[in-house]
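Take a look at this single chain, the form predicted alone, given in structure tokens.
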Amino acid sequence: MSNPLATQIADLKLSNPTMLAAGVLGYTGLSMKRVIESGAGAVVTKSMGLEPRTGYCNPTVVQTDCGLLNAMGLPNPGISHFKEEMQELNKLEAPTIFSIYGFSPEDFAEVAKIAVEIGAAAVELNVSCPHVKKVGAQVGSDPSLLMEIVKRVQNQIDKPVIVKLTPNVTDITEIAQAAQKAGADAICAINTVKAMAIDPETCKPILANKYGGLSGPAIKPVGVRCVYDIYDAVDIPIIGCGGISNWQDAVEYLLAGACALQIGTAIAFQDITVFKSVTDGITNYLEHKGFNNIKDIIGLAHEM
């Protein structure tokens, strides 16, 4: 009997559609191993660049009434230092996707090459971080620059290239189409929404960086809308991300057109058992509604 939750992104085969989103528990091999053993179909590392980066001073995270606001500043040990962490992950069947960033197309290509050399099953281009200058959303809102980055990375590696998009643009479908035209294998939508919080007592922004990225339940309707719009604009797989906390959220993204799902902030408010609860919920939903597998419901909302 075939697995009703199995899904595929280019050559990347997943036993179920859930993934650990970049930026949460993605620093070490052991923590990501725990996530896989808890039911995730894949894991995405913390975003890594060529050189070590310290990140911003505290405070870097603020809890709001509807999610988390963070401006970490892409702290990471540098891509080469992750080789040892892969020793734990290479033993597992679930793929490890490397989230990478760079300060130029050449940077992206070099980081991608190293990521694949040390075991990446795919790379996810972080062109959507809303709070670091000269990288992230500043790159991801420029279709021409994004295309150059995707082409250079594609020419450097033979693994799937996923482009994680920012919602902080006028038309996200224009950016998605540029990524597809340049050769991207899949789109991930969305990264966090640019936001800020101000302390009435001190009369100052709370985050040391002033601006941050909002994640969690507040951005789910934004993410679902973006996936829905992108589904009509491109022919490559879409990974839904943003505010997924339970199986109902996951099904909503699948109906909008996503074929896989990334979960991040929910881990902070629940724990890593969220992956099993989401996949169990999707399975029960398919059985209850009489669907054979998740392929039957991907993009179904477009037919209504």
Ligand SMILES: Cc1cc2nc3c(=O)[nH]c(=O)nc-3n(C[C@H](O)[C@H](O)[C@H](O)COP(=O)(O)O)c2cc1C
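When you see a residue number, it is the position in the sequence shown, counting from 1. Nothing here was measured: the structure is a model prediction, and the numbers come from that model.
Although it is not shown, the form predicted in complex with the ligand is what the next lines describe.
Contact between residue 102 and the ligand in the model of the complex is not found at the 4.5 Å heavy atom cutoff.
In the model of the complex, at least one heavy atom of residue 219 sits within 4.5 Å of the ligand.
In the model of the complex, the ligand lies farther than 4.5 Å from every heavy atom of residue 96.
Looking at residue 244, you'd find a heavy atom of it within 4.5 angstroms of the ligand in the model of the complex. For the three residues 21, 70 and 215, a heavy atom within 4.5 Å of the ligand turns up in the model of the complex in every case. Stretch 189 to 197 is the answer when you ask which of 112 to 120, 204 to 212, 174 to 182, 189 to 197 has residues with heavy atoms within 4.5 Å of the ligand in the model of the complex. Site annotation in the model of the complex: the residue of 264, 41, 49, 237 reaching within 4.5 Å of the ligand with a heavy atom is 264. Among 74, 89, 150, 230, the residue placing a heavy atom within 4.5 Å of the ligand in the model of the complex is 74.
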